[in-house]
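Just one chain is shown here, as structure tokens, and it is the form predicted on its own.
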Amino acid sequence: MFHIYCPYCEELREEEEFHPKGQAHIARPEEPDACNDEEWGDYLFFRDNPRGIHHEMWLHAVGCRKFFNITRNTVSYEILETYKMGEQPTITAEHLAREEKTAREEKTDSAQVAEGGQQTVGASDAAVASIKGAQA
């Protein structure tokens, strides 16, 4: 069971109190009367269904009855953040990709190599010293 944080009530509540309402941040056409049928149909019916980070609109139906947005990972179902309507998300797929790239670069920079060319990723200096001592 999910526990979802309502940004208006400012508390965690059980998932049963909420209803998902679809993709968030969909821009309504500025002049709907000027849209052709294909453009209007795309606006009404077609939504993104990404694997990974997704922004969704939810309703706190049993509580404050207000709409808000959730940033959720569709692979793990993890809720990364909730925020009020009209606000922009702080977590995006691009943001997480940058963080992962930075983490990979830091991990590569901290790799240690023991004698014989064996890589000891994340090994402590004592572990590397014991390997070198065992080889001597």
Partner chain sequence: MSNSVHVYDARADHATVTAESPLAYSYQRSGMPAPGEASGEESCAVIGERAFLGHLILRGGAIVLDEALREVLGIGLPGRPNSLNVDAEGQRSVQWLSPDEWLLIVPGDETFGLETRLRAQLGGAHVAIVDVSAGQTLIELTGEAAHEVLMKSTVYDVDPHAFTVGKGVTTLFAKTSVILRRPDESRWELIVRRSFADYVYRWLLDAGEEYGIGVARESRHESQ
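Residue numbers count along the first chain shown, from 1. This one's a predicted model, so the numbers in the text were calculated from it and none came from an experiment.
Beyond the structure shown, there is the form predicted together with its partner chain, which is absent from this document and is the topic of what follows.
> Looking at the partner-bound form in the model of the complex, is Val62 within 4.5 Å of its partner chain by any heavy atom?
Close contact exists here: in the model of the complex, Val62 approaches its partner chain to within 4.5 Å, heavy atoms only.
> Taking any heavy atom pair closer than or equal to 4.5 Å as contact, tell me whether Lys66 reaches its partner chain in the model of the complex.
Lys66: contacts its partner chain in the model of the complex.
> For the stretch 2-24, I need every residue with any heavy atom inside 4.5 Å of its partner chain in the model of the complex, listed N to C.
Counting only heavy atoms within 4.5 Å of its partner chain in the model of the complex, the contacting residues of 2-24 are Tyr8, Cys9, Glu10, Glu11, Arg13, Glu14, Glu16, Glu17.
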